[in-house]
Structure formats: structure tokens, C-alpha cells
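Only one chain is shown below, in C-alpha cells, and it's the form predicted on its own.
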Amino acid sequence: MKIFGKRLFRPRSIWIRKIVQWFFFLLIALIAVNHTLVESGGGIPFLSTASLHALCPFGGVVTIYQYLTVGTFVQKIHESAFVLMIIGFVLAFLFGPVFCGWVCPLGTVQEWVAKLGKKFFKRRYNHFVPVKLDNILRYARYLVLAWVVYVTATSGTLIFAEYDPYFALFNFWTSEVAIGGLVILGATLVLSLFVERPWCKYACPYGAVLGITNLFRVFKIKRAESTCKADGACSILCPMNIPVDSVKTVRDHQCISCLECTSEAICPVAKTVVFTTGAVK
């Protein structure tokens, strides 16, 4: 139960989002474990050829240059990653970065760790980083994106695999994981005790790509000023620290379309913060 201003209300949850998150986490975990079992002669036959590289849409992004210039994929990247990239872009153009807020297992794990941080630090959680510094750090992921795309294009190798915490999360028990990936994964989990989704906010190159679609996506998160009580609930509880209560339409490049700010979850006034294509009054 939360208190904002003089109003007492009980935040709800986008329950279907939780189900989708669990589904994709368990699916990726199953594929990762099965991949290891197959190498030792066991595993599930029909999943034997599946790998994390084949299921990562960001792999399609980093191989675009080589595909357009040479007609081949970067080493370790599969055609399926290219297809998933296209699907991810279509979804983002329609609904925003739903991959980040609903599908990405690493984002889900960061949210699980965040629950511990919220218990320890209460309302102080996710507000440790000074606002001015936070506003600067949020653009660091675009530098990471530029570096990854440039190095991959010039070297023809999947350099990001050596630092990818997502890959490390589902392969930490194997020899395929580089020390750099494990270190970044560990740092991400520790920081998640203080900052919600630190990897997503400050370093994820795929999140940087999808975040741009918030500027022109079809379905938008909008706030009706006429019914808004301006109590700050939507902003305080936003995992990405977006000031929802001060804008009419959320176009922030950090929005992950989790919908936790909407009237279906946090906002206590019906049809005040909504996910829609139309106008709100």
C-alpha cells in the first residue's frame, strides 16, 4: 500500500506482463541448459540446434553492415537473429520497446533483484544517482551501441559476445563465457540493488536502438491533464525514472513500454494515463 499526497491506494500489476516475462525467461533458460546437455550427448532433440546467438535480435542489428555489403552474416549470427530483429522493429514501431519491458530475460532478472533493493531502501530505491548525472549517463548506451556496431563491422566478429551480460547469465556454467561478460553481469546484478534496470538505463545497445522508436511509435502512453491529480505516483514508481506526470505524451527514449505507469497499474484515476493511438482529454 502506497501513500502519495493524502490519497491512499493499492497499486495493481500488469499480470499478463509477469506471465510473458516468466515464459521467455524459462524458454531461454531451457534452451541454454539443453544446448549444454546436447554437447554431452543428452538434451531435447528438437531443440538441439538452438542457441542464444540464434535467438538474440541484437545479433541481427550488428550484422546489418556485413549483410548489406557482403551478403553474409557475422560469425555466430544466424538467419533467425535477423528475422527476430525485423520482428522486434515492427513491434517497437507499433508499441515501443516491448522487447525490453516484456521479453528480455536480463531485464526480468534485474527486476527480480530490484525487489530486494526496494525492501532494503524503500522509497530511496532507484533514486541514488543524482538527477544531473543520471541524465548524462543515460546516453552512454548510445556510445556502447556505436562501439559495438563499428567494431563488429570492421572486424567481422561478434565482439559483443565477450561482454554481453545476457549471454553470461545463461552460460555462466560453461567455458564459452568470457571473464568480461561475467564481470559485467555481476556488476549489473549488484547495481540492481540500488538502481532499477541499470544495464537497460546506461549500457544496453539494443535498448538504445529500440528506445528511438518512442519518438514515433503508433501506440503511445498518454496522460489526461483534466483528470490527473499530479500526485507523482506514475513518476515515482516508473522503473526508468521518467517524469510521466509532467508530460502529455511519453516520448522519452528510456521508456520500455512496461505500462506500470498507466491507470491499469499505478495511476489510481481511471483513464488518466493510458496506452492508446488516439487523443486524451
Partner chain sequence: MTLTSKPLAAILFVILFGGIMFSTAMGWWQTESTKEAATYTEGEFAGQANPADIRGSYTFGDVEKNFGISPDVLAQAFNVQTDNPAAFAAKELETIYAESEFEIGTASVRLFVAFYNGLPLDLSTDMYLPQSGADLLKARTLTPDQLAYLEAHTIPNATADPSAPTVAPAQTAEPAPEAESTERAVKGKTTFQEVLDWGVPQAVIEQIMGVAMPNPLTKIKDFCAEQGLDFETIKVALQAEVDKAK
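Nothing here was measured: the structure is a model prediction, and the numbers come from that model. Residue numbers count along the first chain shown, from 1.
Another form, the form predicted in complex with its partner chain, is not on view; read the next lines as being about it.
Residue contact with its partner chain in the model of the complex: Leu84 places a heavy atom within 4.5 Å of it. Heavy atoms of Ser192 never reach within 4.5 Å of its partner chain in the model of the complex, leaving it off the interface. In the model of the complex, its partner chain sits within 4.5 Å of a heavy atom belonging to Val20. Proximity of Phe219 to its partner chain in the model of the complex: non-hydrogen atoms within 4.5 Å are present. Shown alone, this chain has one stretch from 192-200, 110-118, 94-102, 207-215 that lies within 4.5 Å of its partner chain in the model of the complex by heavy atoms: 94-102. Of the listed positions (Val247, Ile64, Leu27, Ile44), a single one reaches within 4.5 angstroms of its partner chain by any non-hydrogen atom in the model of the complex, namely Leu27.
The candidate site formed by Val131, Thr174 and Ala233 is entirely out of contact with its partner chain in the model of the complex, as no residue has a non-hydrogen atom within 4.5 angstroms of it.
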